[in-house]
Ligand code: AHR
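Shown next as structure tokens: one chain only, the form predicted on its own.
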């Protein structure tokens, strides 16, 4: 099988925003407790932060961290997690007990240690306008008021200066605490946004869009919410999770095409609504939850375990063991984000540690990289500059869920430093695929090629564990580039069911 890819150094989708490589920390399961925070762990510092986890997070490279939820935030009282007195509460969202030992100050310090910007979500479920105003004043006002002085008394003399704020979470979902209709939520979000901008005009606000593309209200929800909020917000969210159903591997591997459509449809709705309102502005799309997630396990196993186990602190839930196939799909989802940088302003893989996460831990034990760690880490490290507009010709596959899709999924970036990268997903499960890439307008050489595929002796279901991590990128031989006056031709053979990155460097006198 052969695929031809065409691109031009002068035809770009748009700049690659660093916020595209965000992640998510929610008070859910073992994400926080025994995940990033475990005071008794042998690697922990005097703040209780696990050093082994911080080391892996810095390697992973998330640029933004969304906190504290998620469904959790819709019942959260932020003031429970500040100061010396921390009440223990029930968390109805995840049928858990929340100790509040880790709260706002701890997370701000942890995010700073990780080198990431904070995206803070406010509670528009059980609370609302005043609560959002209070937590914003507490976080961002320099001093001289009751709330800002309380922050200073609690150990943060300088304001946190959080810029990114989510106006609630998944308010379209009947599962959400304080679920609302689009009109109810839109009005509440608008009034909250107005007051927050009065307190801190520099904030960037994310209004909640649809929880997934199959929501019965998708489309009408966005239009209604934006009619209330478009003048006041900067971004609208979408959440997207994918899983393999009934052994339909081809459809699962085409998840990137489904995300392309979700983003494209949402972008069209934004444009139509802005035109209807007569507004000349841009509203970005924040894909502030995305990942692969075995929802069947959550629905059939984890929820039953929670019900049987009663109310406990940080129960083990949604700790998916990710496979080779999952990692390849995550790679293709990252390519979808890169292909849509003209509309997607930020994105957060959900979540960071233990809960459907690229990093896993054991209490008192090791931390390790799941298979999905690797494509995120490579893309976050290598994708820079601009995303190139590409066309693909050649073999295609027909899927039951997503129709006909390209056999090879691709995204490419060109950085100002002269470095470029091509990210390739081979959706063929049984055979290698020959790929010819023609990049006009610049002469590149391939200085590194790596692929993540089924390890020797393994299967597409192979996972990484605390004891062994066989699934990781390995060198891919045979990738070659030839230059001519018109540009560069790159040839490479992709292993079956694989995710591959080619690292490029501009040659001397490179611009054709």
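Numbering follows the first chain given and starts at 1. Bear in mind the structure is a predicted one, so any value in this text is a computation, not a measurement.
The discussion below concerns the form predicted in complex with the named molecule, not included here.
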For this session: Answer yes if any heavy atom of residue 350 is within 4.5 Å of a heavy atom of the named molecule in the predicted bound form; otherwise answer no.
Result: yes
Exercise. Wondering, does residue 26 line up within 4.5 Å of the named molecule in the predicted bound form on heavy atoms?
Worked result: yes
For this session: Please run the contact check for residue 70 against the named molecule in the predicted bound form: heavy atoms, 4.5 angstroms, yes or no?
Result: yes
Exercise. Even though the named molecule is not shown here, does residue 356 get within 4.5 Å of it in the predicted bound form, heavy atoms only?
Worked result: yes
Seminar exercise, completed: Partner-free chain; cross-checking the named molecule in the predicted bound form, the single residue of 373, 262, 78, 293 with a heavy atom within 4.5 Å is 293
Exercise. Using a 4.5 Å cut on heavy atoms, which of 326, 289, 98, 409 is close to the named molecule in the predicted bound form?
Worked result: 289
Exercise. Where, among 300 to 308, 426 to 434, 164 to 172, 263 to 271, do residues come within 4.5 Å of the named molecule in the predicted bound form by heavy atom distance?
Worked result: 164 to 172
